[in-house]
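Both blocks below hold the same protein chain, though in two forms, and each is given as structure tokens: structure 1 and structure 2.
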Structure 1
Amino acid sequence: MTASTTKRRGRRTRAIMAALALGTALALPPPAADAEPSGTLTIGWQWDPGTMDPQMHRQRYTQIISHAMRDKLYYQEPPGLALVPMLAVSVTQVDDTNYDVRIREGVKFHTGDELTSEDLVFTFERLWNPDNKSPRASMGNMTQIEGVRALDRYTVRWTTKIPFGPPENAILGFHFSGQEILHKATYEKLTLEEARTAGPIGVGPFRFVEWLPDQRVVMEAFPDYWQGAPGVERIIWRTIPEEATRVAELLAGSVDMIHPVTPDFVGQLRAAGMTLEIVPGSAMRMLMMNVREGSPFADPEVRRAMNMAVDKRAITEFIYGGLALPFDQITGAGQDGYIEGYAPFSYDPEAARAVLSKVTKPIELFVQEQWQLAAEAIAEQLRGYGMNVITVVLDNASFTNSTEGGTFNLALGGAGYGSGDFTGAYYNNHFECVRMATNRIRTGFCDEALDARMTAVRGEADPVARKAMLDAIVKDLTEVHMPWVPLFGEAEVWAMQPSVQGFRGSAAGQMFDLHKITLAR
């Protein structure tokens, strides 16, 4: 890599990190208080939510649906990752292990009931109940929380097992931006299976109408929403897995907005006069390698060679048309723990060939359709070293079952860091040994000593010491353990009819603030 290329990449990385850090200054104002909701917004997107229970999933697309109907204590105001209060009014540190959270008064659920501290206590106790086995219970630093209790109608005290530091650090550990608040009177009566399909009750801008799995979700405006009535009367989320079909329907006018959009269609949509919203993304695409005994990737030297084998810059340039940033470390640009300028492996075909030419076992590279082209390019590069690699395209459910079941050798996967945090959901969802105990083991990598070091990071209040400790963990994961080949981070792209106004894309890939959308038609 030339010095000029390195400088350009550095400038580009810093620009993306700056964009990710954007916060309240770019927020759009809510609709006027006297505006009546009008029109139907039809969104064509790739997914089906799979559940209506916001505590029984780890999928971004499921949370998008939940966000539209339920609010949280904090959220990341588009377009960046900065946390701002939502239902919370204040977080006050009482002492090293106690924090009082005050919530807004007068906020109404869709039932008309007022939100109170009892709903918060119920929400988090349900989340942490071991009998429920919520996959979200370990996100953030929540395993180090002793409990919650109501102090009065609008104040809840969180008690932690270890110091969480000042409030701005504590809210990350509490994962306030990742959990929607439930209506206690409704959900305390539902079994887990009933909650999976029951219509959500929340304090969000839209209320539930229907869910036809793999077809559509329909919701309508909640006129008593605490931030003001939404701009549109109804939202229909249509599940359209094939991107070409989504694009065709947008161009035909049968949907108003589509997501996700890959670079293959950006030029066509621009030429057709569609509005594009493009923001730097907050997801890592990587090659996950199965490190278990019997896999070619159980050998660290093979994993090291893999990290030198892929020309990721060619992929981002020629496949993504510049709408992606090459990644060289386990952390992504703008994420807590990202080390500016750290790139321990360079693209080195000769060094890779010396090792990978000896890997003769047939290998299937699992991928979902959206990333097939990148996977095909990677497989072709690996075949050039003498490896016997073919791509296998799987649907979302099959891909998840294979990766979480550990029944794969190589997979092009993804890791979102929409919270901006590394020590919480990102680490425990991909590296922490607790995954082994819950049979969601993916690469099979686990190191209890590394987990202990991460626990120490979570309890470190000194920002300088914390950064040094976290940097060391990132480096060990990237160049010592190497369960991944970091590849790239894609931009988040939405396309919509010009009549759709007021939408602001999120670097977290979320669709926040849908109540601010209006339709000019």
Structure 2
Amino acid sequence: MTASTTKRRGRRTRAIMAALALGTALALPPPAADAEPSGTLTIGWQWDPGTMDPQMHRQRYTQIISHAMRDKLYYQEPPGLALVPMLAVSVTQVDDTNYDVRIREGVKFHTGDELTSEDLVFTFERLWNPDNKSPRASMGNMTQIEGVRALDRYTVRWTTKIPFGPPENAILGFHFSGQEILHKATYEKLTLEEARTAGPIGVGPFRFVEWLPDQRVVMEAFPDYWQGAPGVERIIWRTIPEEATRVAELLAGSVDMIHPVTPDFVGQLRAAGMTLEIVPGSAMRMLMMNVREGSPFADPEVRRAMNMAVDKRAITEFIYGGLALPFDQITGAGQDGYIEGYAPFSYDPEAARAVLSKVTKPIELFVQEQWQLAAEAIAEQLRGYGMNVITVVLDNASFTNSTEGGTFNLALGGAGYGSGDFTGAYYNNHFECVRMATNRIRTGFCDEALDARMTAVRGEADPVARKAMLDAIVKDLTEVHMPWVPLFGEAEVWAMQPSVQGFRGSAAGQMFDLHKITLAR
């Protein structure tokens, strides 16, 4: 793996603090005298972007295409989840509800215009305009933002309705890493329908050339990119939905890189001499237990035994061939709140058997097809303790419906943490009691005292105190309440021809820093 789990732990917080403290001007390399871009990089991937408007979608793949042509204020520098400034130079807290964001000077759009604070203000006002019905408008904590206004050519003031805490917390709430900056002069003239198909104008490393829906997106190097001219002259993104076909394209030499790649094909690609970029991912797989009254898992002792019953290391080794990491706590490696070395439960079949052998009620283990093999292995292990467990494979929509509706016994589910945040994940992973009223609940677990402690974490300015508070919450969830059995996290895998150099995969599954790729022919 290109980055070990331990190296990334806690990096996010430290990186933000350091970057902010130093004014961050040196966080990214200055423009350099580069060689001329050369060659065409053809990427075979699963998706079509669907739209060229970066504010009218919720898909990661659409954002990847957009980000190749438009930069943001912050981004997660590969391979980890650490947020580092991109177009932002600094974020300064003026008072409880006002933050000033300073942007880089001399950054050029593809039109040749300079990026100014007016472009930032336009971007976010367009995003929040209710007439535009953007599905991204409430990401992060943006519903609690009062507004933005330009203070000067390079400074913008964000005003919030409630305190967002210190800058390193506030930038998560502002969702700076999720919004590409638009060119005001271009987009203020476009209707939503026009913006959907219009060639994107941004300050990113590549310029738009062509989009043939469901076939390809073509972009070319922008020589005036503020971080220096890209290494390749052109990128072609080919939509190839079927993985076996993508692998065949790579083996036939008609594409240079493919993504995503599942463990089934890794051996074949390695044997064919392809280069693999493997990065620990940002999604945790877990066994969700329904803790409601009447469920076998309502008893904490049963949940504790479940945490000792599954040999997750055997699963990562034999089913995933090492392309997954076992998880032992309720936060994932690289995520805010992750506690280094914390593994309260070890695999203990005898201790598990003493409790689980008494659980005789038939139990269905819900799972989606792509994790069926792991679920079958877990079910077999549980049957070994005398439990009556069968796996039930559901499609994505049915699975989500069952788990969110709370109509399940046991489910092999997932939780992404691509933003690196835990406070948001706490709510979105269905722990917070308020979710019980929204009919979108999973395990049925909630604890109001824990919710109050989580609220306190959100407002805590002292990073050391915040870390201690968060650690205590993670420990309580992992070993006291135990609504989940943390299982493993799969790696993000890219496969490419040996001629592709300089690519670094991202734990969030993103494809950032494409301008650093070169082709050795």
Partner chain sequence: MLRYILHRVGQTLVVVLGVTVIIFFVLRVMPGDPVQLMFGEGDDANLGESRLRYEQQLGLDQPLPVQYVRFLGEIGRGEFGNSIVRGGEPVIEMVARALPITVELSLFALFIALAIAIPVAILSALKQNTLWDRGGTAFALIGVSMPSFWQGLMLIVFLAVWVPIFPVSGVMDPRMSIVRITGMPLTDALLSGNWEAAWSVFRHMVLPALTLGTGISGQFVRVLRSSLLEVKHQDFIDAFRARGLGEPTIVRHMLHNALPTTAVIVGMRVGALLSGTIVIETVFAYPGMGLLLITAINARDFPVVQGVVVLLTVLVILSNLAADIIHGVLDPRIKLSGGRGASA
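Whichever C-alpha set is largest while still superposing within 1.5 Å between the two forms counts as the rigid core. Here, a residue number simply tells you its place in the sequence of structure 1, counted from 1. Not measured: the values here are computed from a predicted model.
Only structure 2 comes from the form predicted in complex with its partner chain. Treating the change between the two structures as two rigid bodies, the C-alpha atoms of Pro241 and Ala377 are best fitted by different bodies' superpositions. Hinge motion between the two structures is captured by two rigid parts, the smaller swinging by 30° against the larger on C-alpha superposition. For Gly337, the displacement of the CA atom between the two structures, after superposition on the rigid core, amounts to 6.0 Å. Relative to the superposed rigid core, Arg453 shifts its CA by 10.0 Å between the two structures.
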